[in-house]
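To begin, one chain is listed below as structure tokens, in the form predicted on its own.
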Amino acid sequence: MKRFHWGLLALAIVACVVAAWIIYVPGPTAFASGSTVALGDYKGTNPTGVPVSLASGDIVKRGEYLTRAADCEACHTAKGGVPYAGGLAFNLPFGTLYSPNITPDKETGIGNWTDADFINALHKGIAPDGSRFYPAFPYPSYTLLTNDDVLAIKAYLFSLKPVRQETEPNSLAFPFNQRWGMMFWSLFYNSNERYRPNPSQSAEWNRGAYLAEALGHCGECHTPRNLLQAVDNKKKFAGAVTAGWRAYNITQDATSGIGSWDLDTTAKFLAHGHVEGLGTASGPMGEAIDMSLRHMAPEDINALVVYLKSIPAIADTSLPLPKTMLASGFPTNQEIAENARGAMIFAGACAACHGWSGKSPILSYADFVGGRTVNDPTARNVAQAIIWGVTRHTPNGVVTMPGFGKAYSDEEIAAVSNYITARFGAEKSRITAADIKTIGKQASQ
């Protein structure tokens, strides 16, 4: 009997250890060598705030830069809506969340919020009425922001024109509609601590870490989540599915990540979302570049690159090395026979802009060659781009690919998606009409 009891105890201990490992998440910069210190004890250049060129600006000007760096507009603006007035729908497996109005309207926005209210929201995920925010609002990242930076963001938002726009109620299934439960989630996954620099790393690295982890919250999209839906830094930046789109691996793995990109290439992609031979950002990443990254100072882009280049490589075996050769000529009869419907749709709706070779005859932003999206065997982002379209800011103005989600059936979108990956990618995809129906509903709207 004693042996039985000891066996149960050992089993319970093992179960607790396994559970602890599953729910444990290391800090965002725990991968780096050296230890961190409180910001007040750091002797190097202050990694927080705005670039030196803006340091003498007033609080609103500084807040504008920080608000853009934090990419607030992307989530707090409905498609076709007024910036920062909220209403963007986040479609989740257990219901729909709507982003709130953060203009200074006193009735439907944040016009009555005090400094303390705003700090509590960004650092603790707590609203002025005491209710808890869901981590779709990335307060576990924003908690790293200094009070000065948080209040500068508030000053900028309060300088905007108030917009009266009620936020549609969330429609979450039980028990996810119980906001009070986020109190316990936050105990595990919100440190409620400000950014701690690492003296063992360079000034650029520390600035890049603050930009990536606190302001840009890159891990919220590019890092997988654990069973409790917390960002799992054990797989830091290894890629994840966000808002129905695949946020790709941005670790230093040379095959599935960005390990083969040099410093200049990485900086160019972050600043413009496009590099010839490597493709064009679309979906949420395209929005992040257009609304946030392209407005950042060159020295901050460079700091981000220094930090990204320090992230350990994690291989994603589902992603092949991108094909970089142009497709030759027009499709063969055999290629057409393998996917006649996809070939026909591509010929009628895609070839004029994207080209038969993968090199656009119109604009390099429409090139397929070398792009991660067409080399993704899931074809998820190819399909999403077809369904919803793509709008991007280029040096020569805004360019738009229209969405075809209402023009073509799910079967047709699946067919042309599979045709594109087969012709221009390293591996064929086998996405189905059922997949199209599912992923189309996951995108933020």
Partner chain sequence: MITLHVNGQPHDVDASPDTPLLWALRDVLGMTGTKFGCGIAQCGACTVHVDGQAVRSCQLSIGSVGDQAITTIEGIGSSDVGAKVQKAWLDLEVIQCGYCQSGQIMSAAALLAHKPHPTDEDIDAAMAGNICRCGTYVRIREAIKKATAA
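Nothing here was measured: the structure is a model prediction, and the numbers come from that model. Numbering follows the first chain given and starts at 1.
Below: the form predicted in complex with the partner chain, not depicted.
Enquirer: Can we say 330, 356 and 362 each have a non-hydrogen atom within 4.5 Å of the partner chain in the model of the complex?
Expert: All three within 4.5 Å in the model of the complex.
Enquirer: With a cut-off of 4.5 Å between heavy atoms, is residue 396 one of the residues that contacts the partner chain in the model of the complex?
Expert: Residue-level check for residue 396: yes, a contact with the partner chain.
Enquirer: Is it the case that residue 336, even though its partner is missing from this view, gets within 4.5 Å of the partner chain in the model of the complex, heavy atoms only?
Expert: Yes, residue 336 sits close enough to the partner chain in the model of the complex that at least one of its heavy atoms falls within 4.5 Å.
Enquirer: Find out whether any non-hydrogen atom of residue 402 is located within 4.5 angstroms of the partner chain in the model of the complex, and reply yes or no.
Expert: Contact check for residue 402: yes, within 4.5 Å of the partner chain in the model of the complex.
Enquirer: Residue 349 near the partner chain in the model of the complex, any heavy atom under 4.5 Å?
Expert: Close contact exists here: in the model of the complex, residue 349 approaches the partner chain to within 4.5 Å, heavy atoms only.
Enquirer: Can you tell me which of 200 to 208, 156 to 164, 340 to 348, 180 to 188 lies within 4.5 Å of the partner chain in the model of the complex, counting heavy atoms only?
Expert: So the stretch in question is 340 to 348.
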